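To begin, one chain is listed below as structure tokens, in the form predicted alone.
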């Protein structure tokens, strides 16, 4: 049995102080309804959301959104796996549809990252780390990324300015991404003159805080046979977890969870890496992007900054959306945005002037600094 993505929809990532989680979820669903020729009749709703309890003081978010959308007599689930909640939710949808427990699953990722002050939201984001061992000492994902940047530059002999290639490329890519939060170019001067967040990392090394919602309609093999629309199958997926702190890892400049989930997904799909022409990765901070690419084997260790050219490395286009750096990172919704982008690219509706016709694409969604990772491989089958 296989599982298929039949439709997707997103809203522009932005700061929506006047809208709540219910409204954002409904707008993502309406985005699907505008583009999908058939009626949406889900028998299951999965909500991917990281912070409703901490930001909105709202539990039971799946029940609440189902009620708001007028969905009755269906199963509801909520998935929370930190920043990686989106792909974890899609893997649950895959399991439900391939096991015949569900035929049509609506997956909605939604989070609000700009509801409170920046300092408060930084604390909320820091909660993805061990609250007793790490957060209490001020060790956040940003602080760990700063340590990784220093280690990376020292070991591989790079200057801070050498890292500019990543944020520069991401902002270039976001110019033509209609749902991206930051659609503007940056210069070397604006990069190195932006405010310091955690030395040596600056503002333009980080993702922006934003609100977002994205939705997928995932159906079983039985349900897709009656559809006349183009379809994309989930060919393979993987997931893995590493230690929560980089200090406990044998090699902090290798994200083992990324490598293991990537290799597992390729093995399940039964394809070689060269078949994949487009991938969206979880580049929450500049040094993490290079480590992810090298952990996937898309570059030798320490060579990713030199090998990246026109957003392509080893024949694979990377983060044509602008990535987390410029498209944005609405936490629990991020993985759903990434799937939407690769799904639309496979249909020829996203970045087709760069990609042309492609058969395979992949998505990598991560929590923190490689704490856990998920990978999904998609294929256009009709």
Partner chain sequence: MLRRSPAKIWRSRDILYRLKYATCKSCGKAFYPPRARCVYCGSQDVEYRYSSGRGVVKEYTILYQTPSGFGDLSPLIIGLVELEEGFSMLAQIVDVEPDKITPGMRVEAVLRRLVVDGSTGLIYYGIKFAPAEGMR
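Just so you know, these numbers come straight off a predicted model, no measurement behind them. Numbering follows the first chain given and starts at 1.
As for the form predicted in complex with its partner chain, it is not shown, yet the points below apply to it.
When contacts are defined as a non-hydrogen atom within 4.5 Å, all of 54, 133 and 246 contact its partner chain in the predicted bound form.
Proximity to its partner chain in the predicted bound form, defined as a heavy atom within 4.5 Å, holds among 297, 138, 188, 270 only for 138.
Site annotation in the predicted bound form: the residue of 254, 147, 165, 223 reaching within 4.5 Å of its partner chain with a heavy atom is 147. Residues placing heavy atoms within 4.5 Å of its partner chain in the predicted bound form fall in a single listed stretch, namely 198-206, out of 198-206, 93-101, 78-86, 298-306.
Of the heavy atoms in residue 175, none are within 4.5 Å of its partner chain in the predicted bound form. Looking at residue 154, you'd find a heavy atom of it within 4.5 angstroms of its partner chain in the predicted bound form. Remark: residue 71 does not count among the residues lining its partner chain in the predicted bound form, judged by a heavy atom distance of 4.5 Å or less.
Its partner chain in the predicted bound form is approached by residue 124, whose closest heavy atom lies within 4.5 angstroms of it.
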